[in-house]
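A lone chain, given as C-alpha cells: the form predicted on its own.
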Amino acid sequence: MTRVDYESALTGVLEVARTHAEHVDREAMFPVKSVAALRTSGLMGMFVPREYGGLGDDLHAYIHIASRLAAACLSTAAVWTMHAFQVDGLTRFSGERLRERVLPAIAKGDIYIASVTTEAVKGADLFRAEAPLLSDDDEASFERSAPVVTGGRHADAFLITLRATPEAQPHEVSLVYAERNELRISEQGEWDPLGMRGTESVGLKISGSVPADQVVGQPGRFEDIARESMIPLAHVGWSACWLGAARGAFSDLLRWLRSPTRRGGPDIHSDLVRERIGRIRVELDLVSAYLTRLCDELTAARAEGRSWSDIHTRIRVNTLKLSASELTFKAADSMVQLAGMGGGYSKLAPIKLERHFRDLRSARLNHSNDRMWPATGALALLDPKVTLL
C-alpha cells in the first residue's frame, strides 16, 4: 500500500471515528465501528512485511496515521497503535511457521491483537511475570489473570507475558501468542474511567493451551522483544496519539477564536491571549520535532542493523514519552483555560476540549511517569557525556 493508498483508506476511517467518538466516550464502549473500518482499510497491517500483504516497516507512516486517528478519536488511535506494535514484535521475533500462518490474516484485517502484560501482583512491570507457562515439546499451557487488557472483549488474539517455567525467576519472562478460540476467557471488574473510555480496558482471566511454536522469541527473553520493538514503538505511537489529539483540539480552538460569528470568549487582540496561544503552539511544536527526529533515528538504526536497546536510545525513547505526555496535557489544560467555562470546560461547548482534556490526563498514567522519571535519571547517570538527540 502506497502513501496515496493509505491516505485514501485513512480518510474513510476518520469519518467513521469522528462520527462515533462522542458516543464511544459517553458510553465507555469499544469503538467497534471504527475498528471495523480499520479492518477493511488495510491499516491493521502496519508493520506486517509487504510480502505478507502489509504496509511494511515505516515509522513515519505509523506516527502519521496514529496522529490523524487521534484527532478524530483518541481511543480508536490508542487501540490501533497498541495492535500495531504487538504486530511488530510478532513479525520480528516469531518463528517462520507462525509468521506465515498469522501475518497474512493480520494484513487482511482478520486478526486484531490485544496485549496481556499486567498482573495484580506486579502491576504494569513489563519485565516480571508471576503466572507460569507449562510447556513440553508440543504444547504450552497457562492460566493468567490481568487487571487491564485494552480491547480484551473484542480481540481475536492476544500476546501474553508469562513466567518462562514454574521454576523460573519472575524476570525470566516468555511471550505467547494465543487466539481466542484456543482460550477460556472470563471478565473481571468493571470499566468506567475518567478518560480514554473507548479503550474498554477490562480485566480478564485467561487460560488455555497453544502449540509450542506460538512462544514468541527465546523462552525467558521477552526483554529482548520489549527493548528492540514494543517499548520504543509503544512510546512513539502513544506520543503521536497524544500529539494528534492536542493538535486537533488546538486547530478547533483556533478556528473558533477566529470565527466572525463567535459570541463571547477571549479577545484575540489581547497580548495575554496571544501569549497563551503562542505557548500552546510552542509546546506542540516541541513534541512534534522530538517525535519526528527520534523516528528518523530509529529508522536509521533499523536500516543499519543497530540495536534499539542501547543507553542513548532508551533515554531518548523515555524522554519522548515523558515530554509528550506532560506537554500535550499542559496544552489541553491551557486550551480549556483560554476558551473558558462556556467555550472549553462544558460538554456542551462548541469545541470538544473537555473530552480531549480527560483523555490526555491519562497520558502520564499510561506507563506511569512516576516510575519513568527515576528510571530515566538512572540511565542518564550512565551517560556522563550527555549525548543529546
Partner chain sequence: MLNKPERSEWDEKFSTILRQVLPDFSPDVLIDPDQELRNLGLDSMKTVELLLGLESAYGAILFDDELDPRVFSTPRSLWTFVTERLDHDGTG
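These numbers come from a predicted model, not from an experiment. Residue numbers count along the first chain shown, from 1.
Below: the form predicted together with its partner chain, not depicted.
Within 4.5 Å of some heavy atom of its partner chain in the model of the complex lies at least one heavy atom of H171. Within 4.5 Å of some heavy atom of its partner chain in the model of the complex lies at least one heavy atom of L379. Remark: R227 counts among the residues lining its partner chain in the model of the complex, judged by a heavy atom distance of 4.5 Å or less. Proximity of R314 to its partner chain in the model of the complex: non-hydrogen atoms within 4.5 Å are present. For its partner chain in the model of the complex, the listed stretch (100-108, 187-195, 140-148, 216-224) containing residues with heavy atoms inside 4.5 Å is 216-224.
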